[in-house]
Each structure stands twice: as C-alpha cells, then as structure tokens.
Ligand code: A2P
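Below you'll find only one chain, the form predicted on its own, shown as structure tokens.
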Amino acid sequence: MTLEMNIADQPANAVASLPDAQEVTEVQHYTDRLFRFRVTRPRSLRFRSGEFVMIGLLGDNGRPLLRAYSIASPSWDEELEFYSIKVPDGPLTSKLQHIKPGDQIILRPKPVGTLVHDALLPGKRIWFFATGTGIAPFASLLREPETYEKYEKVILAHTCRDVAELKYGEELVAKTLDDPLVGEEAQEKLLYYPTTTRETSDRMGRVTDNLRSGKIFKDLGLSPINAEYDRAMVCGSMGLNLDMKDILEGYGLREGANSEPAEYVIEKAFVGDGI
C-alpha cells in the first residue's frame, strides 16, 4: 500500500472518528521541504497568539502520532494555520506532507507556549528572531492587534538557507500590511529583515552574525538593542536559541516566562522533538 493511499484511506477516515479531529481546508507547498496548511478551528478553542498545540495523525499502529506545532494564525482567525517542514523519514511529517483538503488531522486543543506578550515586560520595540519554520508563532503575533498596541516598532528577522524558503515570510508580511485589522499600524511600525545563508540574495548572513557585527542595525537604521526598551522573542534551532541567548543577555536582557515576565523569551518546545 502506498503512503498516499495510507493517508487518504486509512488514517484520515480513522481520525475522523476521534473527538479531536479537524478537517484540512487548504494546503500550499512552497518547496520540497516546506508547506503550510489550514484546518477547521474547534469552537471551544481559545489561545493567545504565539502559542502552540499538539497536532498529528494516526500512526501505522493505530495510535496518535503527535508533535508540537505553533499556531501561525492569530487568535481571532476562524481557522487555524500551521507551517511545517518535511522530513522524508520523519515519523509524522513523512505522512503529514501528503494531506489534502478534506482530510482529517488530530488536534489536541490545549494551547501553551512562552512566545506570548504576557511573558514580556512593557517596552518600545519588539524583535522577532526566527529561522526556517520558526517564523510560525510570529505569523500569529504579526497579525495580532495587541502587538501594535504595545510597541512602537515591530521587527521580524527571518533567516533561511535559500531564497525560496523565504516565500512564506514574504507572503505573511504582504498580507499583514494589507490586513484590514492591523494593516494601517503595520505599515507604520513593521520592519522585515529576511536573510539567506546559502543562496545569494539581497541580504546575506545568519542573523546572529549580523547582530554581532551590528549590520542589522545599520541596514534597518535602528539603534542597537537596549534592555531598557527592547523586547525579543526567539524561535528556531538549538544553535539559534543558544547563540541568541548569549547575544541578548550580552545586551543586558533577561529571559522571561509566563510566571515571571522579563525582556526576552525563547521557545524550546520544538528543539530535538523528532518530526
């Protein structure tokens, strides 16, 4: 039995009978490594922009195969969007990448996470630092009105290997600037800083290197990070998390949490989780 038949005929039908089943409404593939999809939203689900939930499919043994996914849609959206990597041998994404509209996935409606406004002290500028699919929680926060109510500047820094991998972020920013709810404020406050590390593009380099050299501040015409008024959120690989922790604390920022807000937060739920 082919993988496509397995997803279309067995897990999808079996998942539909589960209480946490949601229907896939849209799928878009960007590269052979990246795709996004939208699903129906449970009526009872309430979440803060930036949080994640557990989603997945039934495994070959009939048991749910789940992993943490940031909700890429804002808290007010009628549907839920997710942005995913494809791993050929990944227990979940090797199957999940074949979903299509009308299929069912499992969604456990218990949102949690540290990339939320409540985990940060008040400030003037908010920095979103992401690599790859780490942009997902910021896709939610960029379209959240609270983001623009709290900050005078909103800076999204997204680093990928190749230009094609920046497409999701480019579409996100374009939609945000044209959004009827936050578009006007985003046009005044939002700055977008995409970079590539392998393929030649208008802006090159790891965001960590561009922070250490000061290039990012020069490119954006901004003053360096200051703990008095700058706040930051980080979502990416373990390497990014560790490097950003050193960089931000070098600027005097302290790591915060829901229970103890401070100047920056890092999402650790996706590091080494196996997909």
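In case it trips you up, residue 1 is the first one in the sequence shown, and so on. Since this is a predicted model, take the numbers as computed values, not measurements.
Below, we refer to the form predicted in complex with the named molecule, which is not included among the displayed structures.
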Listed residue that, although the named molecule is not shown, lies within 4.5 Å of it in the predicted complex (heavy atoms), from Lys167, Arg161, Arg203, Lys153: Arg161
To verify the annotation, which of these, Pro74, Gly123, Gly132, Pro194, has a non-hydrogen atom within 4.5 Å of the named molecule in the predicted complex? Gly132
With the partner removed from view, which of 40-48, 22-30, 233-241, 218-226 is the stretch that lies within 4.5 Å of the named molecule in the predicted complex, judged by heavy atom distances? 233-241
Although the partner isn't part of this model, could you tell me whether Arg198 comes within 4.5 Å of the named molecule in the predicted complex, counting any heavy atom of the residue? yes
